[in-house]
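Next comes just one chain, in structure tokens: the form predicted alone.
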Amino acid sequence: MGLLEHLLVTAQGTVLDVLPIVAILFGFQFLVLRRRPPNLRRIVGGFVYVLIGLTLFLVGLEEALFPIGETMAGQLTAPEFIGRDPGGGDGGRVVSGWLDYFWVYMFAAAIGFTTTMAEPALIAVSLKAEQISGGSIKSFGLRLAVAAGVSVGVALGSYRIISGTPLPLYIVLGYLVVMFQTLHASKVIVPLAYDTGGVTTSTVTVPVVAALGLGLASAIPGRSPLIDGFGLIAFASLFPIMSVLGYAQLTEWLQARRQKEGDNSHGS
């Protein structure tokens, strides 16, 4: 399929996907509110931009982001890269330990961190958090905490795929940690921390991380793309909650320590 034909087919699918949203919005506007939408021409123009943007974005995913993630996973797990003999192993298959995939974990951590830092939804939420908190929550610091959580989560999720350990074990233990942190964290930060787990799984992070998981599951002997390839997004949603709560608790502890040291110095 040529690029132009691909664009047209994707555009047609995008129009069909967006039509229910348009129908609901204009249905409520005309049937419930019974009035003409303000700035109708701008709204129509905005929808046209949305359709164009979604079409180009979806084509970009299929042509670039998904292949990049799968290609990198295949290259980093290739026997010649990890130093294994392609002719060795059990029955001609390559047998490798999880430590042989060190660079996979490094790539997973790096790609999780960088895609999260570039996530538009996270940037928007962090700016709003700084604005509403009056500057007590720093936008860049929040983004760093979230990105660090995604980085650890994606790296651990990659280890889960390589080792073949069950996904529910990690998720259950992770949410137990989140529950413990929630009980000991400030009420102010808890809702924001939970929201950061959602905004990380958006336009930039999801395609690359999903492609990495599927690529790993396809490249590692004995792994199923359907069973093992999915689940990295769950790690990318869970671990930012832990990292933001931990960041807030560490900040509070440091502030309390500085205040205590200041009181001791004044008292002496």
Partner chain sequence: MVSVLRGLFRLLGEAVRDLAPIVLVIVFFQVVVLQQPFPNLDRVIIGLVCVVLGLALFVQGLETGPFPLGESMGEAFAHKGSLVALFLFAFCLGFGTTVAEPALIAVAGEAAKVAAEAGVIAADGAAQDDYAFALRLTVAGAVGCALVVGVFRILVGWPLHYLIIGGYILVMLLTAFAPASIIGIAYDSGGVTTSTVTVPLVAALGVGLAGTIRGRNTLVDGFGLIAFASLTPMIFVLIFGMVI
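Residue numbers count along the first chain shown, from 1. Nothing here was measured: the structure is a model prediction, and the numbers come from that model.
The form predicted together with the partner chain exists for this protein as well; it is not shown, and the discussion that follows is about that form.
- In the predicted complex, none of the heavy atoms of Y159 sits within 4.5 Å of a heavy atom of the partner chain.
- Interface residue remark: S218 is not counted as part of the site for the partner chain in the predicted complex, having no heavy atom within 4.5 Å.
- The partner chain in the predicted complex is approached by K128, whose closest heavy atom lies within 4.5 angstroms of it.
- Within 4.5 Å of some heavy atom of the partner chain in the predicted complex lies at least one heavy atom of I24.
- Contacts between 104-130 and the partner chain, taken as any heavy atom within 4.5 Å in the predicted complex, involve M106, F107, A110, I111, T114, T115, M117, A118, P120, A121, I123, A124, V125, L127, K128, A129.
- Cα-Cα spacing of T116 to V48 is reduced in the predicted complex versus the present form (difference of at least 3 Å).
- In the predicted complex, the separation between the C-alpha atoms of A219 and L65 grows by 3 Å or more relative to the displayed form.
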